[in-house]
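One chain is shown next in structure tokens, namely the form predicted alone.
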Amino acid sequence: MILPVAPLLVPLGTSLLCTLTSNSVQLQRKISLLGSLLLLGTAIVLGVQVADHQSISLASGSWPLPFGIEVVVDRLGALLVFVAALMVLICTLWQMGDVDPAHSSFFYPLLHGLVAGSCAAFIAADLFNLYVWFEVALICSLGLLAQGGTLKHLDATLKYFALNLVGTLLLLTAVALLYGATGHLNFNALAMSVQYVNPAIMQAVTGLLILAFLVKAAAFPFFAWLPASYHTLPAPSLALFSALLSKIGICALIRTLSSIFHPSPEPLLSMLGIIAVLSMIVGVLGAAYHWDLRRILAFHSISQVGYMLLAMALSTRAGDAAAIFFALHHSLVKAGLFLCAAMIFKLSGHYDLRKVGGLYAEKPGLAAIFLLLALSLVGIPPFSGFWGKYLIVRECLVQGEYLWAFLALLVGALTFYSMMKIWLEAFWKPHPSAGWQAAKIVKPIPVTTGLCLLSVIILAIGLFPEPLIGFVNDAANHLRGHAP
């Protein structure tokens, strides 16, 4: 009976135990590793369960629905919980190495608190609890950002908090207005109630809700918090942030547009498409401009969010499936690229591409892994990014959105430019300092294990995409129910 809430209970329990053992980092690491493995096992069991059934749910206490608090694990939620479980395991492994780990007794409690908030948001079945767990994830994120304690960390924390606070206020306002108009916040109850509300009022509330989620997802023009804060994080935190935080907003958008407000007003969908295209273009141009590895990858996150929004703007089952596939692909690939960036920093001492080089001769294995991840991000076949972009571009062409399809391909070409800039500068060109030697990694096994595990999964998705494509198609069908 507690299986549907296990994605919340396991990381919360792990966070509590890590807090109680804050005087022993070694004990915290063991608890974190055990909790991460348990969460991954839970995610796999949930995935098997929802593959056999449409979803599994649990309502709190004896309150009848739609008034009780309900948790629903469907295919979308199970996929994102799996991503969270995999990434917290890899982050825990990286903490055991010496490649840019976080140094704080509160790192593990905050890390698992962030995972708990993210997982609970992925499986929340009503808007108010979605808002609550959004904020839990935000609070833990702020703690992780501020851990460094330096001026740059506090500056990044303030920017992150200020911009996300705007999204929080918009979301809470939309929740209040929606409850006032319908008397419900449960997703299923809302889907049946919104059709009886004045269309003009519902269009305004829908727009406000979409705006709030766009802020949380770091879409144009609300993306400033992401490149302003991500570059200050240590590698484990950065990988988890890139994999999870924007996906909470993406998951919320998919659920609201597909399950509650369908069919969505055409002007809102057109505006969402424009925002998607602008996010793609601004993000990739920002990446092409910068030389700092972390900033390049952070701007690419904005660009990739644009692809997910573009798929949702198409407002079809195939578009929803493409958005879900792309979200999973992006979470894994971008986390892997940030971890590779940390390896480059460890070996060379710089994140600035103009001050590094010669790493192909020193670490050909790392060069190969980075190339695999970079080509996947670009969308070169047969890697995972190709299938994600193929699903999006194909649906654009089917819907007659030829300009959107062209721009998606153009942004892919610009992504190739900036990814090759990283590979050529960091790996291929000679190091600018004569006599340079790569730094020694004292504890290579944990970091290598985590990065290789991630790379194998990404490669498997690219080579054998059919099972995942079928799974996300079923997820989209379940989200829309009888809707077209």
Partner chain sequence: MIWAVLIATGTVVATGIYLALSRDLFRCLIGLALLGNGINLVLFSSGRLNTQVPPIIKQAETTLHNAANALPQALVLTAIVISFALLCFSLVLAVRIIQLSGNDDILAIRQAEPPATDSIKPALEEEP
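Numbering follows the first chain given and starts at 1. What you see is a predicted model, and the numbers here were worked out from it, not measured in a lab.
Quick note: we don't show the form predicted in complex with the partner chain, though the next part is all about it.
- The partner is not drawn, yet in the model of the complex one stretch among 272 to 280, 341 to 349, 254 to 262, 193 to 201 has residues with heavy atoms inside 4.5 Å of the partner chain: 341 to 349.
- For the marked spot (330, 371 and 442), a heavy atom within 4.5 Å of the partner chain in the model of the complex is absent from each of the three residues.
- For residue 362, no non-hydrogen atom is located within 4.5 Å of the partner chain in the model of the complex, even though that partner is not displayed.
- In the model of the complex, at least one heavy atom of residue 150 sits within 4.5 Å of the partner chain.
- In the model of the complex, the partner chain lies farther than 4.5 Å from every heavy atom of residue 285.
- When the partner chain is considered in the model of the complex, residue 128 lines it closely, a heavy atom lying within 4.5 Å.
- Among the residues 409, 166, 398, 403, the one placing a heavy atom within 4.5 Å of the partner chain in the model of the complex is 166.
- Proximity to the partner chain in the model of the complex, taken as a non-hydrogen atom within 4.5 angstroms, holds for one residue of 104, 315, 188, 157, which is 157.
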